[in-house]
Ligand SMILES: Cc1ncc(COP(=O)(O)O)c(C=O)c1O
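Taking the form predicted alone, here's one chain by itself in structure tokens.
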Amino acid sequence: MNKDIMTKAVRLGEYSPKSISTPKTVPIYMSSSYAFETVDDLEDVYSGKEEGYVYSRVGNPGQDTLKAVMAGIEDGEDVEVYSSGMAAIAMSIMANVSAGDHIVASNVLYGGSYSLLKEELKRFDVEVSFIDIENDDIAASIKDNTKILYMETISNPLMEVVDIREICNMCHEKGVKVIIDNTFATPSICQPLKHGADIVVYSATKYLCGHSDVMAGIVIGDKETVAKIRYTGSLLGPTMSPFDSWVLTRSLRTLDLRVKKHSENALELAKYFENHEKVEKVYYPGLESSKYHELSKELFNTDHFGGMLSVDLVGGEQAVCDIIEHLESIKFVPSLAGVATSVSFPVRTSHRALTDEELKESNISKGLLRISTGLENISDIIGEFDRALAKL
């Protein structure tokens, strides 16, 4: 072994650019840890006297850039980022409950959230009551030990919309924090913090990234609330990678443009389904026939309603299986929000953990097809569904 070559290979090339110019895009900070000149320097960073980084599990320049962009978009005081949407949800909940506490949650939720609340929190002696958040008396479900109400802006998969303002006001009167999953809406459509939510969570894997190539989660709230979540996350360690931070920051640059196109296509597709004889029901708040249409217009800060919709097919479960096979290029994907249109079968994918009774209570039929409308020419999307439906 040539020791001279080995020493040079290990020690040379440290980051010290000598240039009057700066990178046009944010660099990728692929470093797990950071070096210090003195012990005092380390102490200054730990104590907060000086800005700096120690270990990427608790902070990285790329993550901080992403947080700054997201805080600005959302108009939030503070932001934390994680390795998945479920990590963001779990950290937000776990930082705000202790053994013996109680949570009220909507019974129409993403399946992973539902399972976390129903099954995993039992191990920590946290009780969860699932309610019909649209029709039940929420106040009557709140107990003295209730700490959180958990819900979604646009519910998955039924696209329900409830009055966030009223719910937040009532919960705050009782000392209950409201956590809202805004994944389907995105900040381009709705900003729940402005309607009173305490914490907003995202599966940034979905629209915030929008290209089906990153796993990520984001939490937004006030400084005190996010600080508690950050502490819990730093101990449990669901850290977002430097590369994913960079990709997600890049993707946010086009978020508003993408969401507008997704929404325009979804509305046209919903109108097509609404008039099709092989579709029993269409779930999309952008339709004037939707009972959520007027409320959505009040809550949403735009005239768009998102790229997600669902339909109940005539023929039930078998019809869903058949149309998935008949579609030509629209893929069957247990996720959503990519640039290309895709379909999902909730009872077999996102909500497969729910029992038949729970599905019935949540009004999720076995003939429900969920559609993530992409950015293609809308006539091509409709044409493909038309040909597939003709074969049923």
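One rule holds for the numbers: they count along the sequence shown, beginning at 1. Quantities reported herein were computed from a predicted structural model and do not represent experimental measurements.
The form predicted together with this ligand exists for this protein as well; it is not shown, and the discussion that follows is about that form.
- Think of it this way: in the model of the complex, this ligand has a heavy atom of just one of 336, 323, 330, 70 within 4.5 Å, and the residue is 336.
- The partner is absent here; in the model of the complex, the one residue of 290, 188, 84, 225 having a heavy atom within 4.5 Å of this ligand is 84.
- Contact here is defined as any heavy atom lying within 4.5 Å of this ligand in the model of the complex, and by that definition not a single one of 92, 101 and 126 is a contact residue.
- The stretch from 266-274, 282-290, 246-254, 150-158 that comes within 4.5 Å of this ligand in the model of the complex, counting heavy atoms only, is 150-158.
- The closest heavy atom approach of residue 206 to this ligand in the model of the complex falls within 4.5 Å.
- Interface residue remark: residue 105 is not counted as part of the site for this ligand in the model of the complex, having no heavy atom within 4.5 Å.
- Although the partner is absent here, residue 176 is not a contact residue: none of its heavy atoms lies within 4.5 angstroms of this ligand in the model of the complex.
- For the chain shown alone, residue 130 is not a contact residue for this ligand in the model of the complex, no non-hydrogen atom being within 4.5 angstroms.
- Along 162-183, a non-hydrogen atom within 4.5 Å of this ligand in the model of the complex is carried by 181, 183, in order along the sequence.
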